[in-house]
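We give structure tokens for two forms of one protein chain below, kept apart as structure 1 and structure 2.
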Structure 1
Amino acid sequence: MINPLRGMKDLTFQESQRFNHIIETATTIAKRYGYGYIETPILEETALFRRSVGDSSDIVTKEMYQFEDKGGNDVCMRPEGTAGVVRAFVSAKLDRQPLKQKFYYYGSMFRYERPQKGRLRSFHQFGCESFGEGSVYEDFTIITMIGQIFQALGIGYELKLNSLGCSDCMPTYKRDLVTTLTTIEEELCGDCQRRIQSNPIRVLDCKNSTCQSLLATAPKLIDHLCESCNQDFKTLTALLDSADIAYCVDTHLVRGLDYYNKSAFEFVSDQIGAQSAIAGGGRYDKLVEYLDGKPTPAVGFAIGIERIMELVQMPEPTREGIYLGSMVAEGIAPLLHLATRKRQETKVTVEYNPKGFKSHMKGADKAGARYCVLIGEDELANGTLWVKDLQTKEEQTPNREAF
């Protein structure tokens, strides 16, 4: 027997129902905010993620499924969704148009990491990316949209916020941070020691408990913001306060990707073991330019589908569609023709084997059908059907052609 690879699993049965409910709910809400669907390839040039996510990130250094294809190209399976959407945005020359563009996407992502609850090597994300709007009002709107998605799914959360500054205030902060990190370098883990010179901000994202305790007194980026970034962050928190959206400022929140600037946020839950992110995002005003496009402000987020699968409050099931069954062999053919016609308007389940009345009623109940439609000897002879509404319990015997 061949089983799925470690860290990868099939999406079937009840999980597929939960997956579809999550996607349908998130899609419906994203459309209300003006987002349209985009789909990008699973396979991309490795250079795309090196330039966007960052050479020093764990994703690029440890987790990507990277290989050389038969044409000698250095490719990898996408580890996240934003970079591919930005690449598509630039490829389609949308960066040269004055219109603001908004896209939503969902699909499989791949990271070679240690599998655990809610964290797989093949996983799914739903995300949104907004291009061309530099106002912090868009950051607020994105956050409210995520909140509405989780509210619709019945998921509780805590919102964490930080500001990662911009190219004006970041250099000064990096110098101060490197000075501090240098004094405690020998006590930091190996990854953090390497990052002091390559990308010191990544040190703040380290999950090592020793490193976290050492960094407790490190300089805070939020204390080094320039006037513009500081004002934007104050505006964002004021908007959240006025909308009664609870949040906490996490000065070590830098996200795991290098392309973020200014607003960064995470939605976390303590209902999946240790407190863990179920959605995250922020602003990335320089990424379009990094990928050879015209300077374009942008902000977006992604929701980890597997992270929230067990948290979703599924709606009460409702009866839907028609169950067709016959108690005589000669009734099967007429039912097949009826099924073809009715499938133009609703879900139809057909039982191919003639059975008794009670067996058909059990089959209709198991199928979750709204109507049980049967043919017996009498119905076959006079061209009628026996129809029962399993919700209202009403029965009728309409003409077969009129049903």
Structure 2
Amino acid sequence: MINPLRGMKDLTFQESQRFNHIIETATTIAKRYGYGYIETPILEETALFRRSVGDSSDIVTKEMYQFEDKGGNDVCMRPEGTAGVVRAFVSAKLDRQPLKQKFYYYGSMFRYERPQKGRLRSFHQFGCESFGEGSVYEDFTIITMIGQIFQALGIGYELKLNSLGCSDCMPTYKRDLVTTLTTIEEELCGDCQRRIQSNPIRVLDCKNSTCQSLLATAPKLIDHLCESCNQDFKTLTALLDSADIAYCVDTHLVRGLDYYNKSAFEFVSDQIGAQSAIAGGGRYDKLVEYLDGKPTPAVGFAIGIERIMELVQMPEPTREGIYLGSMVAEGIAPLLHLATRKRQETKVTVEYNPKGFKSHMKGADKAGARYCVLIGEDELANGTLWVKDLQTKEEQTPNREAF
């Protein structure tokens, strides 16, 4: 027997229904906000992720499904969705149009990690990317949208917020931080010592408790924002306050991908184990440029589908469609033709084997059908059908053509 690869999962029955429900709900809401569907390839040039996600990130350095294809190209399976969408945006030269463009996507992402609760090697994200809108109002709008999606799915969450500054204020802050970190370098964990050179900002969200206590006195990003970033952050928090959206400012929230600036946010759940981030995103005004497009501000986010699967409250299932069955062999053929006709309007289940009356009733019940439609000796003889509404329990015996 061939089983799925490690960290990869098949979805069937209730699970696939949940999956669909999540995608449908998120899609419906994204469309209301003006987003249109974009589909991009799962396989991309490795260089794309090196330049966008970042050479120093763990995702790129150790988690990518990377290989050489038969044409000798260095390719990899997408570990996240934003890079591909931005690449598509630039490839289509949409960066040369003054229009604002908004895209939503969903699909499989791949990261070669050790599987655990809420973390698979092949997993799914639903995401949105808004291009061309530099206003912080868009940041607010996108956070509101995620909130609406979670509300529609019946999911509780906590919102964490931070500002990562911009190309004006971040570099000076980074220098200050490196200076501070260097003085306490020997007390930091090995990872953090390395990060001082490679990616000092990441030291801020180190999970090591001694590192965290050392950082208490380190300069905070939020206190070193330039005038514009500071103003935007204030505007954002004020809007969230007035919209009654609860949030907490987490000065150590640093997105794991290098391309973020200004607003960064993370939606967290305390009910799903250690992998608690259920959605994350923020502004990435420089990424289009990094990928050879014209300067274009952008904001986006992604929701981890697997992480919210067990949190979603599904709507009550309702009886739907028709169950067709016969108690005599000659009754089956007419039912097949009836099925074709009825399938133009509703779900139809046909039992191919003649069975006892009671078996058919059970079968109709199991199939979740609203109507149980049977042919017995009487019905076969006089060209009628026996029809029972399993919900109201009403019965009829219409002519076959009239039904």
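Keep in mind that this is a model prediction, so the values were computed, not measured. Quick note, the numbers are simply positions in structure 1, starting from 1. The term rigid core refers to the maximal set of C-alpha atoms that superpose within 1.5 Å between the two forms.
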### Task
Mark the structure, either 1 or 2, that is the form predicted on its own.
1
### Query
Is Thr217 one of the residues whose C-alpha moves 2 Å or more between the two structures after the core fit?
yes
### Query
Comparing between the two structures on the rigid core: C-alpha of Ser122 shifted by 2 Å or more?
no
### Task
Return yes or no for Asp250: a CA shift of at least 2 Å between the two structures, with the rigid core superposed?
no
## Note on the structure
Cys206: Cα shift between the two structures after core superposition, Å, came to 3.0
